[in-house]
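Here we start with a single chain on its own, the form predicted alone, put down as structure tokens.
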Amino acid sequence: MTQPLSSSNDLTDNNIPLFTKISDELRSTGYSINPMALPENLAENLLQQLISMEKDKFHQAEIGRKKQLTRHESIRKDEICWITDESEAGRDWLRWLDEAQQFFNRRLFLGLFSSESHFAHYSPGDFYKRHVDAFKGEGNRILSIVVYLNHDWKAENGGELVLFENTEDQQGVKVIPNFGTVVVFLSEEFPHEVLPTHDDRYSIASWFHMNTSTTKRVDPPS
């Protein structure tokens, strides 16, 4: 599930403009919204893998951390499947994340060390209430990335991501889950929610971690 990223120094030139924009906006505002920014072939291959997977590969999403994971359908209703390098699309996605990690570390000095990603499927009526991806001071999840894989998404389909700038913000910024849209934000800083969807909604959620290994604990955990 969680893996250290490779040490390759190669970056795909086509990704550099997007990674530069994201880095600049993370520095200035802490988040970056990029409509239809993921390379189209990569996005399409990921979507085809997601929709062709057997249903038993997915499981109901839980909340909490590690041994405290529990299901709370009043808070979160979606199903997920962790992304690995066992498929071509999965390998290509992890390679894209690897390039992003290298670039963000060079540009922003974030000390990103590993990542984890899952596919998410929201059926009609599913939602995820307001939450944060990491609590301040934990020092594990540093950066969150969300990518949407929905062709021809309509306003009446709902399912928007709402990104709040702080705990007091009640309005937030709405993001329509259009195909290829990439959203990146600091995991500890931005509460967010997924509004109820009225159609099948597909996405990828990823997180970059820093290395929190100690003499008694190895990170990333197994």
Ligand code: OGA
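Every value quoted in this text rests on a predicted model; they were computed, and no experiment measured them. Residue positions are given as counts along the sequence shown, with the first one as 1.
Omitted from view is the form predicted in complex with the named molecule, to which the following refers.
In the predicted complex, Arg76 approaches the named molecule with a heavy atom inside 4.5 Å. Among heavy atoms of Ala43, none comes within 4.5 Å of the named molecule in the predicted complex. Heavy atoms of Val184 never reach within 4.5 Å of the named molecule in the predicted complex, leaving it off the interface. Under a 4.5 angstroms non-hydrogen atom cutoff, the named molecule in the predicted complex has Ala205 among its neighbouring residues. Contact annotation: of the candidates Asp92, Glu116, Asp98, Asp133, the single residue with a non-hydrogen atom within 4.5 angstroms of the named molecule in the predicted complex is Asp133.
Within 4.5 Å of the named molecule in the predicted complex, a heavy atom is found for not a single one of Phe19, Arg107 and Ile142. Comparing 188-196, 166-174, 45-53, 26-34 against the named molecule in the predicted complex, the single stretch with non-hydrogen atoms within 4.5 angstroms of it is 188-196.
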